[in-house]
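As structure tokens, one chain now follows by itself in the form predicted alone.
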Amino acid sequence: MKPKTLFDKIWDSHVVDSISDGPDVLYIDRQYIHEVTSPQAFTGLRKRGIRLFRPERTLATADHNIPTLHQELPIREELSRIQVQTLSDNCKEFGVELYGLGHPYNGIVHVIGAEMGFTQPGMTIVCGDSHTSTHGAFGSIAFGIGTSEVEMVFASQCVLQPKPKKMQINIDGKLGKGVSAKDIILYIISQISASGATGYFVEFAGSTIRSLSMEARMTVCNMSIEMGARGGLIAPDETTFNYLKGREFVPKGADWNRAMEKWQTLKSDTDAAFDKELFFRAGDIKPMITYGTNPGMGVPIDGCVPQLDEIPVEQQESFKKALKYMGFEPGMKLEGHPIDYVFLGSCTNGRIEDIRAFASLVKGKKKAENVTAWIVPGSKHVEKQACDEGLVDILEKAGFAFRQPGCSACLAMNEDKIPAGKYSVSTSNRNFEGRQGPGARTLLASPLTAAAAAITGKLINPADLI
């Protein structure tokens, strides 16, 4: 039998039919929805007079539009209030489980799916949200889809999808001081560009990846989309199984044993062929920071903005445009640059491990007076953990306010917006123009780098403070 990649094993086992010279009809095990990309899909069902084919395989949460202070209903901001109420009405009408505002399981869709045990190895998972790739950390094929495809899955539990090419990215070695999963993925994107994996589904492998926690693996897979990939995944192992065991919606007893028998086969075969392979050394990775307006514009925090002649000719105009927007110059050193805001949160870095890392660096110190900091847990569960572990006390003693769960300042779709011209060190996933608010200047970084900036008021290597 021909050796298969992990991606091929999962994909091929979910193909219901193949269209000649066209896409596959792919069965979907789990669909996540939120308030932004689901309304038109529900309207489509309503117009056609049909119901969800398998509503038990869809889970809804409110996250993008919800406030992170004063989370009582009704929401004050009108557009957000309408979006969230519409989701609630649609889920009630069509029989979809909803973890809405005020629910003890509420949180960011790509946080709660994992922490509740809905996401499991070997699954196909979709959501009307590009960062669905997060769930690939469990050895699943997870990718974002458009609203018309959301409706397609509602109606049939399948989606039409061309099979992507396969890439394997190997990272080996031990990470240096102050370097985390966020730095790994920002480094990779800086090396291959924001379009370097376009057309591929990426499997992350190597000793560095195997050493990562599940939270860290989710960070890596979350941002696979930022290098143009259709998604990213990591083969499940003991770290995965230990994380999943005992979670609320994971199989129990004999069902767990049967699931484990299947999950332990989910790995790429020796000599399985990839369309492209890349290799990186963990020792080359330093704490990273972005300087431009796409996640590929990144450098080590103790490095400099590239010179114009270091940029390919076809990218020089966009490079100059990005630097003008950011208020930077070619060749300038970033370390020591003053900042205004710090955001810890999002589906990239809003998990308990991220809050632990941030708290570990600010413990016994004080927030810089010139910095406004938003510390936002990814879910009610993470919020409770942070309280139970005493992390909230550490943060508050250092001068930080701990907010309520939501997507928050990752994107300008709720009340948490960065003002125009202000510099924000953000643990989120995108730094496009206006992503955090009109005119906001976003510098993507890890929780440790964000913590270092929050207590010094400037960009600084977190390794210097550890």
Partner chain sequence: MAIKKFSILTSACIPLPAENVDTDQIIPARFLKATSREGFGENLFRDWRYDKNNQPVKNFVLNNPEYSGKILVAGKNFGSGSSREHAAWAIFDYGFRVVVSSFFADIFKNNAMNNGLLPVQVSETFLRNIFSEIEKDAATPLQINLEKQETKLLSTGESETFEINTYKKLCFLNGYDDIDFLLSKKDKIVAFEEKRGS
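Computed from a predicted model, the values in this text were never measured in an experiment. Numbering follows the first chain given and starts at 1.
There is another form of this protein, the form predicted together with the partner chain, and it is not shown here; the text below is about that form.
Although the partner chain is omitted here, in the predicted bound form none of S207, K286 and E353 has a heavy atom within 4.5 Å of it. Comparing 243 to 251, 95 to 103, 79 to 87, 214 to 222 against the partner chain in the predicted bound form, the single stretch with non-hydrogen atoms within 4.5 angstroms of it is 79 to 87.
Think of it this way: in the predicted bound form, the partner chain has a heavy atom of just one of C304, I192, A235, L160 within 4.5 Å, and the residue is L160. Residue-level contacts in the predicted bound form: of G128, P121, G178, P300, one residue has a heavy atom within 4.5 Å of the partner chain, and it is G128.
The closest non-hydrogen atom of P39 lies within 4.5 Å of the partner chain in the predicted bound form. L278 falls outside the set of residues with a heavy atom inside 4.5 Å of the partner chain in the predicted bound form.
The partner chain is not drawn, but in the predicted bound form it has no heavy atom within 4.5 Å of I311. Remark: E149 counts among the residues lining the partner chain in the predicted bound form, judged by a heavy atom distance of 4.5 Å or less. Although the partner chain is not shown here, in the predicted bound form the stretch 224 to 238 places heavy atoms of I225, G228, R230 within 4.5 Å of it, in sequence order.
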